[in-house]
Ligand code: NAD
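Before any questions on binding or motion, here is one chain by itself as structure tokens, the form predicted alone.
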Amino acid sequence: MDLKLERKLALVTGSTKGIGKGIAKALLDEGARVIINGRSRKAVDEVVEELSQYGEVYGASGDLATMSGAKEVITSVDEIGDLDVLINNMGIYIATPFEEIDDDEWMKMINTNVLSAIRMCRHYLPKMLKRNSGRIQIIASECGVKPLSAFVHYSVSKTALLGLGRSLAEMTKGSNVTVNTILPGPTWTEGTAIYQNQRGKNEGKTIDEIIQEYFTIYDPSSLIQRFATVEEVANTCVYYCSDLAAATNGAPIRVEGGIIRSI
């Protein structure tokens, strides 16, 4: 299937590893030109070099959790060309008991997970509307719909992203610009593998036992009863970047294995 992404310019924030890196690779496979973003210039350069075998790749380092970092990234991107696709993937995941989350940690979560996306959308959505062309995706989480008590500030930040996505989509009415929100569930990233393997070592269990236990205790409502792969999330994301998905706008798109029990 031709997704008509050939030569489109895409920025994937937080794309030096995990889901973001997977999305970047999937976009390259469809012929898009891709800009890698991360806080560290070294990490960005390493991923640019790694992925350059698959297509045209650029780097734009900068911490989008800060205004100065966002300006740095925007300057780098605008020097490359007009942005066709914006994937707001940057985010952090912290487990702190609610009563121990102080204001500084709350602000770190909001700045990183929410304001990073706001800063990029504020710059690129008006440009896309002016050209009457563009795709914006916001990577949220199933936690935005099904909050977790062990991850209160993370869940709140992802719920905020759902509101942001729908609000921005309302601004695109009658245009060829779309804004959608992706809701991944538990996904087997490098970070997940490290954490779950360490749990197995600490508890004297195999990784298969750890995974079975996870879906028995923490996410029993999962219909697939496994972690999604990075490629599964990335492929869904890339489809909604395409012209073929033009009739989907303002939607929360679930890639969470059926964990959310609703119609």
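Keep in mind that what you see is a predicted model, and the values were worked out from it rather than measured. The first residue of the sequence shown is number 1, and the count goes up from there.
Note that the form predicted in complex with the named molecule isn't included here; everything after this is about it.
Checked against the named molecule in the model of the complex, the candidates Thr96, Ser175, Thr192, Thr159 yield a single residue with a heavy atom inside 4.5 Å, and that residue is Thr192. When the named molecule is considered in the model of the complex, only one residue from Thr187, Ser76, Asn180, Ser155 comes within 4.5 Å through any heavy atom, namely Thr187.
In the model of the complex, none of the heavy atoms of Gly165 sits within 4.5 Å of a heavy atom of the named molecule. Shown alone here, Gly59 lies farther than 4.5 Å from the named molecule in the model of the complex, counting heavy atoms only. By the criterion of a heavy atom within 4.5 Å, Arg226 is excluded from the residues contacting the named molecule in the model of the complex. Contact check for Ser242: no non-hydrogen atom falls within 4.5 Å of the named molecule in the model of the complex.
Shown alone, this chain has one stretch from 200 to 208, 215 to 223, 51 to 59, 34 to 42 that lies within 4.5 Å of the named molecule in the model of the complex by heavy atoms: 34 to 42. Residues in 212 to 227 all lack a heavy atom within 4.5 Å of the named molecule in the model of the complex.
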